[in-house]
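So this one's two forms of a single chain, laid out as structure tokens and tagged structure 1 and structure 2.
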Structure 1
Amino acid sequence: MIDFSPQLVQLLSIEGERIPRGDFDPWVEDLDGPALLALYRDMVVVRRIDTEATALQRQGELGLWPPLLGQEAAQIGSARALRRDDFIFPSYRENAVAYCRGVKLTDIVKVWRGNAQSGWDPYTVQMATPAIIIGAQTLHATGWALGAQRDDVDSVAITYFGDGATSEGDVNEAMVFAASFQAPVVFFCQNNQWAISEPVGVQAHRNIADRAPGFGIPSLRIDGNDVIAVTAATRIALDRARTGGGPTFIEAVTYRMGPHTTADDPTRYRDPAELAEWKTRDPLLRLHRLLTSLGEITPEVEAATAALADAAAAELRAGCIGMPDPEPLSVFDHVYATPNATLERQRADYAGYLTSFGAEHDSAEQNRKA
């Protein structure tokens, strides 16, 4: 029997020691040394990708970037627990989840460079594109889950959001519908302690996981920097959903070690001592300690992992810088499923405006249509 009380579940200590827990251990029996090493490798690669994307923004190659530094375990552990037919509805920070789903690295940064209205085709990877409107994706996930329920399939929707999003009406409305119809959806809250510049304690005077039971949704509160606990909790929630148990709410307690986005300066509102304390709970560091004790970490493994991460960063950089600029009139593409007179009139007006600057815009549009 799973304990759904709001106590913090931790299966890997800060010191890298495995903590046994009878009700959760059966869900991660397969996470032996090689399996844990694969998770560690994922975490190293996505941290390197995140660092490279941040550098690209600082160098003017990206307009904005939402760093995930410190939240690797929450994203990798949950994403690797999913099946390919499960559908993901992320916010704007789940770049590690996108990596796990096989989204091309260039496509991850495409929208942040301003080259596309969205980065990838959701149906090829079963993952929606980033949701900028806070909390809106939870409604989309619940709707998709209701569709899966009516189609009589055991696919599950999972939606990611931060602690700040739990104050949005959309999240609460989604939980009402999910509970009412027992929709197969997992609400995955990454409580990274800061909703932009406001600490979580301003909006939540109790644990965020305490909110879901009020809607009739069982909740799990886990150490979000513990990839083993994250994997176990996600598997439990997915199993409940697949077997008709309805929605589950997971609060992954983690920490945003970087800025909210690259437009933010956390030094203006965050105590450096707080950051220093959370660095001791680094999800990569504690898993590295466990793997070392298991004999999985060797100089050769370290070198191969670093090389893999550097290769991913190089691919990201080359793809970003080499990305062709979109044609100006492509802004009108895919606005509606079918053309309409209003949109075509706007396109024609804008084409005339561009033509006033020179014939090259005319020829570019003709080439695009060809």
Structure 2
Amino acid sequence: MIDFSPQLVQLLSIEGERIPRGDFDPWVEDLDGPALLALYRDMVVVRRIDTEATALQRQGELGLWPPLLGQEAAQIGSARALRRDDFIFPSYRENAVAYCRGVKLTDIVKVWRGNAQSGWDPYTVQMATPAIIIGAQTLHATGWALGAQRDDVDSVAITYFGDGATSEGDVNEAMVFAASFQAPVVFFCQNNQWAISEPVGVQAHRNIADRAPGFGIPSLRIDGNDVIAVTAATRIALDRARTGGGPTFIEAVTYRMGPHTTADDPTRYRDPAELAEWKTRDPLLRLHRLLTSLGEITPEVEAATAALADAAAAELRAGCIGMPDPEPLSVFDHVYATPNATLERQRADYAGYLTSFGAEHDSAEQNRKA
């Protein structure tokens, strides 16, 4: 029996020691040295990607970037627990999840470069593209889960959202619907302590995990910087959903070590001491310690991991910079699935306008932009 009480579940201490826990351990029995090393490798790579993307933004190659620094365990642990046919409805910060899903690095940054409103075809990776309206995607996940239920398959929907999102009506309505229909959906809340400048205390005076049970949804409160606990909790939730147990809520307690986005300046609202404190709880650090004690970390492993990360960063950079700009007339594409007379007329008018301008216009445009 799983203990669904609101105690924080930690299976890996800050010091890198494995903390045994009878109800969770069976779910992570397979996480031996090599398996943990694989998770570690993921975490190193996504952190490197994150740094590279931030650098690309600073260099003007991306318009914006929402760093996940500090949340690697929460994202990698949960994403690696999923089955291929499970479907992910993320917010905008789940770049590590997208990486696990096999989304091309260039496709991850496409939306932040401003080339498209989304970077990939959700159906090829079973993961929706970033959702910007806070909380809206939790309803989409619930609806998808209702579909899976009706299809008599045991695929599960998982949705990611933040601590701030829990205040939005949509997230609460999603819990109402999920509970009412016992939908196979996992609510995965990364409580990174901040919603832009607002500490989690503005959103909730109790632990976020305490909310779901009142809706009839069991919840787990886990150390989100502990990849083993995250893996266990996600597997438990997925299993419940697959076997008709309905929705589960997971609060992964973590920390946004960077700014909200590259446009943000946390020094305006955040005490540096807080960040320093959380640095000691770094998710990579403690896994590294465990792996070291397991003898998995060797100079070769370190080198290979770094090389992997560097290769990913290089791939990202090259792909980002090499991305062709969209064609002007593509602004009209895909508004509708079927032709729309009013829009087609606007397209034709604009095409005519561009043509009439010709080269002269192009240079005028360029001048204005310069």
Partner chain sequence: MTPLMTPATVSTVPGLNAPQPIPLSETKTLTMGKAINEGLRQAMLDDPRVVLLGEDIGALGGVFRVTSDLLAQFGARRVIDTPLAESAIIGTAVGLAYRGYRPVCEIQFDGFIFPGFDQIVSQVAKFHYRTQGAVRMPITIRVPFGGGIGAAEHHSESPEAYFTHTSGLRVIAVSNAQDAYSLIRQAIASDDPVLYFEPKRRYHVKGEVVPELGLSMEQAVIVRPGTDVTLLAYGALVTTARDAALAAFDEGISIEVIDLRSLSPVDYAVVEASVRKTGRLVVTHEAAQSGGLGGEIIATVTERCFSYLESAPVRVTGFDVPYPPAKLESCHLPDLDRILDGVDRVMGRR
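Basically, rigid core = biggest C-alpha set you can superpose within 1.5 Å across the two forms. Numbering runs along the sequence of structure 1, starting at 1. Remember, it's a predicted structure, so these values are computed and weren't measured experimentally.
Taken from the form predicted on its own, structure 1 is distinct in origin from structure 2. With the core held fixed, residue 22 shows a CA shift below 2 Å between the two structures.
The shift recorded for the CA atom of residue 349 between the two structures is 3.3 Å, with superposition on the rigid core.
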